[in-house]
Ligand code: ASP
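Just the one chain here, laid out as C-alpha cells, in the form predicted alone.
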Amino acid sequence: MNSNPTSFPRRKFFQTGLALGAAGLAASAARISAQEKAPLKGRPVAISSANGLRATDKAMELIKSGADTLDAAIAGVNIVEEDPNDMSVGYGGLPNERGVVELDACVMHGPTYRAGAVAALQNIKTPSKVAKEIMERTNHLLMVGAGALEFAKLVGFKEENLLTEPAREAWLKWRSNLNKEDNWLGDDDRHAGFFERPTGTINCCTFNEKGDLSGCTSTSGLAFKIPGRVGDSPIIGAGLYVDNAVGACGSTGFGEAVILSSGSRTVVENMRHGMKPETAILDVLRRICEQTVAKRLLRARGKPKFDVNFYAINKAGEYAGGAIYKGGKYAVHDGTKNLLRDSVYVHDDAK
C-alpha cells in the first residue's frame, strides 16, 4: 500500500488522462462542427462575366434590400437576357445553323441545395426564369426542347420571336460563307470579311452578408450550332455549381471543355480543400489545357483554339475571375464598387 498521500496510482492517472483527452477532442470537434454550420458573415459580393456589369449592379441592389441571393442573381441576368443588343444571351441571341434561337440556362440555390435547368428552349426570352420554375414546381432538374417549352407555357410564359434583325443578318452572313460551291454569294464575292463564330454567355453568382450563396448561368450557346446542341451552361457542375458551405462558381466560353472537366464543380471542390478562388480557377484551367489533345482543337504550338472563363466566390467573400488567355475581364460588385476587373490567366497569348 502506498502511504504517500500526494501520490496517484499510475493506471488511474492514465485512465483519467485518456478521459480528459477524449473529452477535449469531443469538445474541439463540436466547436469545429458548429463553426462549419454557422454561416460566415462578411461583405456581400456579386460576380459576373464581362457583359454583366448591369447584372452585378442589379444583384447587389437586391441583396442590400434583403432579397434572396438566387432572386438577386436571376434579376441581374434578366437584364442581359432581355437586351437585344447582347447577341450571346436571350432575346437577340445568335441562332443555330437553321436560323432558330435556342436558349440554355440553369440556377442553383445555396441555402437549399436545389437547382433547375433548361436546354434547347425556343421562343422564351428569359430561360433563367424557366429554370427557377423547374426548380420550384417539379422534382426534375433539367428539361429540354419541346417539353421545356410546353412546361414554360403551362406556368405562364408567353412565346415570342427571339430572332432580331441584327442576329438574322449575322446568321445570313455566316450561311453565305459556308461553301463556295453553293448558290449563295459569299463575302469574297461581296467584298467583305468572313464572320467568325462567337461564343457568349452570362453567369452571375451572389453572396450576401449572412453567408448565403446562389448562382445563375444563361446563354444562347455557340453561334450557328447544330440544332439540339447543349453546352455547359445548363449543366449543374459544369456551367454552374454552388455549395453553400464552400463557395460558388460559374463559367463561360467553350462549353464542351467545361463539361469534360466538370469545371465549376471542380473549382468549388478546390476551394473546399483550401485553395483561394484565384488558385482554384487556375488549377482547372491548366487541367483543361493539359487534357486538350485533339489536333483539331489545338493551335500550332499546342495551345487550345478556344477560351474558357470561370468566376468564383468562396465562403469568406473572396472572389476571382480567370481565363485561359490574357485579356479576360469579369464584373464584380463588392458592396461598395461595381467594376470590370482583369482575369487571371494561364497563357499570355494564343500563338
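One rule holds for the numbers: they count along the sequence shown, beginning at 1. Quantities reported herein were computed from a predicted structural model and do not represent experimental measurements.
Note that the form predicted in complex with aspartic acid isn't included here; everything after this is about it.
Of the candidate stretches 108 to 116, 77 to 85, 253 to 261, 92 to 100, only 253 to 261 has residues whose heavy atoms lie within 4.5 Å of aspartic acid in the predicted bound form. In terms of contact with aspartic acid in the predicted bound form, the residue from Asn208, Thr219, Ser214, Ser128 that brings a heavy atom within 4.5 Å is Thr219. Proximity to aspartic acid in the predicted bound form, defined as a heavy atom within 4.5 Å, singles out one entry of Arg168, Arg272, Arg175, Arg229, which is Arg229.
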